[in-house]
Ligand SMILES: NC(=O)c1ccc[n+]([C@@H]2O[C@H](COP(=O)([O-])OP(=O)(O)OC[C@H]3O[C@@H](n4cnc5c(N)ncnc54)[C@H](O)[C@@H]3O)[C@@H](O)[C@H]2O)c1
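Starting off, we have a lone chain in the form predicted on its own, written out as structure tokens.
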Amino acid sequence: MANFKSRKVVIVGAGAVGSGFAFALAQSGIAEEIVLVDVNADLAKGQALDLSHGAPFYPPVAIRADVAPEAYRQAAIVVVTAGKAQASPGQSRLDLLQINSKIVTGIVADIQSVNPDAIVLIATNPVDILTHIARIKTNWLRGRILGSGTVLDSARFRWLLAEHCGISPKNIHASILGEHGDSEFAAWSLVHVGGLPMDDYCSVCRKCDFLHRRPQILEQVRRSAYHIIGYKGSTSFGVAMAMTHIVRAILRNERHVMTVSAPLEGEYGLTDVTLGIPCVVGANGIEEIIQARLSPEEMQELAHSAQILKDRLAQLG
């Protein structure tokens, strides 16, 4: 079991995602210490100083920059956002995966050397594959290393459904499953609105022919990141809130159900793959993997997404 004598959270990567997460985490009040680590030490120092100046406006928290691997000591959670973005149009996704796999495995090895009790949350993309590789390299118990998975995608899905139905997203339970990427899919059989299955709610609402809107909504979820990147160059705020949601569940042992990247060992008939699936998240990371009753079509979509991830792993070698 992880050691939670402190509520120290280390963030590796002080760029747009890492700093955005640090900002959201500081305002949440759930961490007592936030440490920023980056290969660009000046960037980490600048972000930490900028965040520290907001201390009068949010709950007490110590914010500072440090260097690896000493920064990882006594951390309850280490969140990895570091990695390379696509640098040129000719660079393949496999090239990017090879670079980021080396970065992430190096970080995880450093964490293991000084703090084998930490929980590690991976947010670097491709998140499912990198989470899978990190666990293989460490050989830690299942659940100690988890990825941000489709937590943000599911939030986007809930927001789009809420906009469509004209109700609060807090009254919608809905999940995007599979790869955090183009093969992800909507588990329509699990969608509930105000406690009612989606189909039952539609029969009460009768505002539209919702069946014809489903493919369009799913495509909006899949393309969300591309649209945001096209507008502003990167995504940061949504993923920062998603990671804060995950970290809160771990530090407070909330046992919250969310679709993090989880390694499967026979669940859903799948093995040797890590992807976004409903999990109970608590003090030890992934406490339990939930085997939801998916429709036959959804089971096929999950298997298809898993195969894509396995193929990319095989390419990586």
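From a predicted model like this one, the values you see are computed outputs, not experimental measurements. Heads up: residue numbers just count along the shown sequence, starting at 1.
This protein has a second form, the form predicted in complex with the named molecule, left out of what is shown; the following refers to that one.
Colleague: So the named molecule isn't shown here. In the predicted complex, which residue out of Ser113, Ser168, Gln74, Ser234 has a non-hydrogen atom within 4.5 Å of it?
Modeller: Of the candidates Ser113, Ser168, Gln74, Ser234, Ser234 is the one lying within 4.5 Å of the named molecule in the predicted complex.
Colleague: Work out which of Ser52, Asn40, Asn284, Gln27 lies within 4.5 Å of the named molecule in the predicted complex, going by heavy atoms.
Modeller: Looking at Ser52, Asn40, Asn284, Gln27 one by one, just Asn40 meets the 4.5 Å heavy-atom criterion.
Colleague: Tell me, yes or no, whether Leu294 is in contact with the named molecule in the predicted complex, where a contact means a heavy atom of each within 4.5 Å.
Modeller: Leu294: no, not in contact with the named molecule in the predicted complex.
Colleague: State yes or no: in the predicted complex, is some non-hydrogen atom of Thr124 no more than 4.5 angstroms from a non-hydrogen atom of the named molecule?
Modeller: Taking the distances in the predicted complex, the answer for Thr124 is yes, it comes within 4.5 Å of the named molecule.
Colleague: Residue-level contact is defined here as any heavy atom of the residue lying within 4.5 Å of the named molecule in the predicted complex; does Lys84 satisfy this criterion?
Modeller: Because a heavy atom of Lys84 falls inside 4.5 Å of the named molecule in the predicted complex, the answer is yes.
Colleague: So, Leu152 and the named molecule: in the predicted complex, are they within 4.5 Å at any heavy atom pair?
Modeller: Yes.
Colleague: Tell me, please, which stretch of 212-220, 234-242, 186-194, 160-168 lies within 4.5 angstroms of the named molecule in the predicted complex when heavy atoms are compared?
Modeller: Only one stretch qualifies here: 234-242.
Colleague: Does the trio Val108, Ile250 and Val260 actually contact the named molecule in the predicted complex, every residue with a heavy atom within 4.5 Å?
Modeller: Spot residues vs the named molecule: no contact at all.
Colleague: Which residues, if any, of 147-184 lie within 4.5 Å of the named molecule in the predicted complex when only heavy atoms count?
Modeller: Residues within 4.5 Å: Ser148, Leu152, His180.
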